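Next up: a single chain in structure tokens, the form predicted on its own.
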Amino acid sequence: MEKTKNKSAFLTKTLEIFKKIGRGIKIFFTKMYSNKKSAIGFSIILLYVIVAIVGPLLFPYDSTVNTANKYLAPSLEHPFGTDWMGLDVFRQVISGTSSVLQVAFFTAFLSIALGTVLGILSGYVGGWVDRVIMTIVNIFLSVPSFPVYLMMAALFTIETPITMALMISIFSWAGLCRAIRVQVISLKESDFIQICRVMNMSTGHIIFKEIMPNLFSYIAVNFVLILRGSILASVGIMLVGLASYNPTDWGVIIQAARMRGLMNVNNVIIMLYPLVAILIFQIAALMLSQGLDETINPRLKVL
């Protein structure tokens, strides 16, 4: 009898959890598609994610060199044609989508986590903690990233997307941290925070229940913007040779086509495919960030 009750309680809790998840997903998509910009931007980025997951299964990349088929024109068999080694450019671009998006999403998650945690800590605690964190932030903001990447390229090679994401995150979190700090300093002096303190509410409650909801829209927008910037950063890192050679990476495709000579129009066309893919992703991310800001930013709603 006891086992039956426990099993019934477990099933009830499980159903409640799934219902909450379902409601959360429904609210998410409702908000996302309530704004035209966010709807278009999110749909395009979702399409990129689907291509990254399913694309390599439907269109597996074959690295076998066949110079007899070099520079073939676009066709049903080769939608983007072939390169100077007879490799299918379409399958190269599809295969490279996965690694590029992995770097982008890992970078965004790491940068947002580090920038948000340190920004809240700096703004809420203040004192010597604030001074130490802001000193570190100023150092990272004052150091140009590209020369550092060049120096690192001479010392070692990045082997995995996570390692590359860590590298890009080093130069992506500081600006967000400073902006979060400013907003937290402003919020902690507001009336509703003072009331929480008078009522002896815990620091955890104040941060997670009162401050974080007011920062959510800004954090969400910055997540998308960092996602957008990390795509260009990852391609740039591949171009300077900091990462290990991956023939399907978009940056490698661009660099290889450029090195083969842009006087040959075929190389220019090959280079355009990943460039257009990057451009479309950039536009989609920009539209998504603007749409999210218009949809969930409480200040804009008041205005």
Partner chain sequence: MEEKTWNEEAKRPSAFKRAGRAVLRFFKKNEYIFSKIGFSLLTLALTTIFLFFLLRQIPGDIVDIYAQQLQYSRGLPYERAYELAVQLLNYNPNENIFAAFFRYVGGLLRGELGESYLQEGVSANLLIEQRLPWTLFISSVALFISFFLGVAIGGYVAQRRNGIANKIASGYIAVTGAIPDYLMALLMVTLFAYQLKIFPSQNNFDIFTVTPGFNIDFILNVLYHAALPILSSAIIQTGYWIMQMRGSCIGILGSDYIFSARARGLSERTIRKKYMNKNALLPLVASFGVAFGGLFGGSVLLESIFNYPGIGLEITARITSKDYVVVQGLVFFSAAMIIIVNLIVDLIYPLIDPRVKRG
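Quick caveat, the model's predicted, so the values are computed rather than measured. Residue numbers count along the first chain shown, from 1.
Although it is not shown, the form predicted together with its partner chain is what the next lines describe.
- Only one of V182, V143, A113, V198 comes within 4.5 Å of its partner chain in the model of the complex through a heavy atom, and that residue is V143.
- Just one of F171, Y124, Y218, F80 comes within 4.5 Å of its partner chain in the model of the complex, counting any heavy atom, and that one is F171.
- Note that among 204-212, 190-198, 99-107, 131-139, the stretch whose heavy atoms approach its partner chain to within 4.5 Å in the model of the complex is 131-139.
- Its partner chain in the model of the complex is approached by N264, whose closest heavy atom lies within 4.5 angstroms of it.
- In the model of the complex, its partner chain sits within 4.5 Å of a heavy atom of L279.
- A residue is said to contact a partner when one of its heavy atoms sits within 4.5 Å of a partner heavy atom; R228 meets this definition for its partner chain in the model of the complex.
- Its partner chain is not drawn, but in the model of the complex it has no heavy atom within 4.5 Å of V252.
- The three marked residues, I45, V49 and A52, fail to reach its partner chain in the model of the complex, with no heavy atom of any inside 4.5 Å.
- In the model of the complex, M271, L272, L275, I278, L279, Q282, I283 are the residues of 269-284 with at least one heavy atom within 4.5 Å of its partner chain, listed from first to last.
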